[in-house]
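The data below hold one chain only, encoded as structure tokens and taken in the form predicted on its own.
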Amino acid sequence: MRIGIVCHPTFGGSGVLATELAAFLARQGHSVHVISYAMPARMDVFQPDLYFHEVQVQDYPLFQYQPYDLALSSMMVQVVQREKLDLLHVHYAIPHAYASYMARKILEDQGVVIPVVTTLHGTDITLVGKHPSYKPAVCFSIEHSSAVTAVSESLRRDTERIFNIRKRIRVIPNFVDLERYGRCTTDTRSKVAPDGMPIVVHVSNFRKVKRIQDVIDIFARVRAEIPARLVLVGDGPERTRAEEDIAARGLNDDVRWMGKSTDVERILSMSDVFLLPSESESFGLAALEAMASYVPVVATLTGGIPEVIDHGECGYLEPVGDTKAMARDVLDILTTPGKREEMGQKARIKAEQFAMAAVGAQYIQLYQKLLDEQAR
């Protein structure tokens, strides 16, 4: 198959999943064309059968906000025509689902019919998508997609409730490449945490929904009891506030900033506990990658997280904002003999339920079904 993947290029879950899926499909022998406004963070430009097409937006003084969705629709049309794509798969509803509808209409006017799969990832529905400025367009785009998937059962229910969607939404969860994740085999962790002190890690795009202040508060409570290091991976609008909070609490020496690191696997491989105290989380891909690295997760009881983490087995789930309970959970994992190792083993076993090969095959089956239906 010749497949177009449309995504945001950021470190957020939707961009990571889309890029990983593109790489997986290319390894299966499909010709995969990634379309975005910048090179996705995890994309390997040297991988065979994997190609990148950059969306260019004209900077014209008449526009207060440049019309990216129009440029994206045009690029989709160009790539479909030039590369003779069989199918488009758009990740994150805004603006990709709407732009893909416009691209389909342009192509239909030229005698080209192409199916479009829309995958919903979370805040494109639960936060941004339901805003009155976007809701009618998002609803329309979902209804007119050839097929719609959601990354969790929780997100499927939210989408049907918020938008009163009549179209069937199929749940295909996020996945993880198990071969890329494991425990470190070298002594690299000593550079981050000397004297064998435990490492607590958080990976995100540092938006408000991630509750970075809770990450810091949890760590401060842990650090008051035992020596530890907090490793923060990613960047975003809440970073400056987080830096100020860390300094105000006198934790600068205990925190390591890794920024937009492309070496997430290595960082997770040396970590002991992963923190995910989000306000909402449709799935929690970063947590799944931690679990694949044998790292227990302490997270909030919200959204699709309970579909990934079994409370008391491979981590702990607490109410949103209960930093005291989450700090207690971290201390339990780190100070109870054998607890970190036992939970880490169970975390890896649970992560194996979301193996890339099995989940990726579900997308391929969906693509083939749409193409077979179109050929009839």
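All residue numbers refer to positions in the sequence shown, first residue = 1. Everything numeric here is computed off the predicted structure, so don't read it as measured data.
Just so it is clear, the following notes concern the form predicted in complex with a small molecule, a form of the same protein that is not shown.
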*Given the small molecule in the model of the complex, answer whether the residues 4, 19 and 34 all have a heavy atom inside 4.5 Å of it.*
no
*Is residue 293 close enough to the small molecule in the model of the complex to count, meaning some heavy atom within 4.5 Å?*
no
*Applying a 4.5 Å heavy atom distance criterion, does residue 285 contact the small molecule in the model of the complex?*
yes
_So, residue 205 and the small molecule: in the model of the complex, are they within 4.5 Å at any heavy atom pair?_
yes
*So in the model of the complex, does residue 89 come within 4.5 Å of the small molecule, heavy atom to heavy atom?*
no
*The single option of 213, 74, 261, 280 touching the small molecule in the model of the complex, heavy atom within 4.5 Å*: 280
_Between 174, 159, 141, 269, only one gets a heavy atom within 4.5 angstroms of the small molecule in the model of the complex; which residue is that?_
174
_Options 215 to 223, 235 to 243, 95 to 103, 114 to 122; stretch whose heavy atom lies within 4.5 Å of the small molecule in the model of the complex_ = 114 to 122
